[in-house]
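Two forms of the same protein chain are encoded below as structure tokens; each is given separately, as structure 1 and structure 2.
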Structure 1
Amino acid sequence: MVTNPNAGPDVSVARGVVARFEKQYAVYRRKKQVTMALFGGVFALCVIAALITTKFSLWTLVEGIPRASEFLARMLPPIRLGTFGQDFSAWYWGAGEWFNSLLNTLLMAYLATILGTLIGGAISFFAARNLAHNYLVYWIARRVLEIARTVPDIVWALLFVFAFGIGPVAGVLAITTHTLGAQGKLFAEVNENISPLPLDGIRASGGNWFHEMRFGVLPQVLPNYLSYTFWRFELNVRSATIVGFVGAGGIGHDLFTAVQLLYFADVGAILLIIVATIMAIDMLSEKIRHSAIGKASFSH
């Protein structure tokens, strides 16, 4: 295929090489095609099985469209330009309570981020292979983080509501638990990627384990910790909007009630609040991440 026309005396040798290459390449392609076909087949089977299991029907979906659009229409009550003020305040009749819930939602996310990050961060030192000296401790730390992370936050919320009753405490604890698992795992990975050399340096001048962590590890990992924490806060705001569905506080509670009672206008109003908040938080957090901290301590 790519024989050089100027190859001269070696042309036959080159042809031989090319022929062999083409043959191998054909075999390789064939193998790849078979693999792809196999994966494709299995995938198609899975999709079909899934369609059957879930009794997926386009018809129900199509049927749902008018209902959904009616839903949407009723979520946005008529707001005329002439009477904008009145219409809007009529729509947001519950504003006082909703914004209080929103504040609670944000504070829940904040508190859970702080608590979860502190606890997860502390555990991450024991869950990093290079820092934990005791294998049993390491193993336990890893399992704790795994369980905290894998059980969904809403399930934690359900469990905490049993003990702490309806309200934000259960929500904060649920999000905290999930956060400590997620942060602990990420932090442990950051910890495992540090350079061990400074630790030797500190140990060699008489430092103990705490000195090693504080001066050898922390300066290396802190920038990553911070950016993960900002990120986690964004995610936790989202979580805090839903734990209210099961009674764990925040604006999710208002939303759930409105949906249950079919107060469509309220649903629309609350969803708008949520969207505006989440977008604002995302933008703000991105800005902070990229500017202040970005330049000060994230530069490598």
Structure 2
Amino acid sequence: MVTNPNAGPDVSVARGVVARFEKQYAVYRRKKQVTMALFGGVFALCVIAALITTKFSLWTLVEGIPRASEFLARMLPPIRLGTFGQDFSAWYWGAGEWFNSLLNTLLMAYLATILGTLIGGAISFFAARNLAHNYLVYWIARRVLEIARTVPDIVWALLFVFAFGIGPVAGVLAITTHTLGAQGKLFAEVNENISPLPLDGIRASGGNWFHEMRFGVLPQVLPNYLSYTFWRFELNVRSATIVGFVGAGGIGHDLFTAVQLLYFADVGAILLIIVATIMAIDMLSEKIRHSAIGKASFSH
């Protein structure tokens, strides 16, 4: 490289800085490549171990496709265009009872979502490291949320069915318990990402901890709270269906009965009702969420 002999000391210093940067960047690149190689190797080993442990086989999957197709075909009875009304009525012979069970499922999910969100939201303030000033309180809150969400809701349902008997009460309590654990975890992570500046201002003006939560935290986190709540309600509708398998009531009980009795057409009809309900809830919650955050008024 040809250098200018008249170059001043500033140019020499700049060249030295560039050389050091290139050297450090080369070291960083090598470390990153080694890290990515190690991660890729561990990832591949975990995939191989999972395939071996679960005995996953593409051939078994291919062999099972015809049987799955047969099962799906049996869930859809023949409906002819000329006799569509009669065939559809025969398929949904139990629509009145099923929709009544669906209403119970929706109410179970709704009540459990409200209770679980309120309780989990309250605990989330103590489970956020930047808001809980006492480490013992923070540690206890975290463990409570972990226990509540780690145990599957169907297991909670079994416990509450044993304690309170068969019926919607056990289902509501089971879904509420799991919801407060999940919502508390999500809300706590949202709380930990807030800006501390409003809290400093409230604290400087003489506000206490509750004032900080009410006027400093809630205005920042409410949009995320709302989004997670609608998402949780959608999950809880599915959970309310599943807990019905163990006697917690709702449309899940009708679905489980149809499966036990091998009434494939009834299984298909009930599953279509559940799928349509979930789709309607998703579209409705999206509109409400966009309206709440003002997105509905944005121009596209």
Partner chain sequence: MTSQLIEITEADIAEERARNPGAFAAPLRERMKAWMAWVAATALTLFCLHRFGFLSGDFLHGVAKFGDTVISQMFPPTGYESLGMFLKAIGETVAMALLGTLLGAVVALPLSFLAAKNMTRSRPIQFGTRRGADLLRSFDYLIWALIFVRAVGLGPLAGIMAIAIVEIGTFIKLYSEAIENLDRKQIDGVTSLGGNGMHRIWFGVLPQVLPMMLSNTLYMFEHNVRSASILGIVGAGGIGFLLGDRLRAYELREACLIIILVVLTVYAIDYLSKFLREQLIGDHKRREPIDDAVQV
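Only the largest set of C-alpha atoms that superpose within 1.5 Å between the two forms is called the rigid core. By convention here, residues take numbers in order along the sequence of structure 1, the first being 1. On a predicted model such as this, the values are computed, not experimentally measured, just so you know.
Each of the two structures shows the same chain on its own, and it is structure 1 that derives from the form predicted together with the partner chain. The rigid parts compared between the two structures meet at a hinge, and of Ile278, Ala122, Met213, Gly64 the residue found there is Ile278. The angle of turn of the smaller rigid part against the larger, between the two structures and from C-alpha superpositions, comes to 15 degrees.
Fit the two forms on the rigid core and the C-alpha of Ala19 turns out 18.0 Å off between the two structures. Overlaying the rigid core between the two structures leaves the Cα of Ala68 displaced by 5.3 angstrom.
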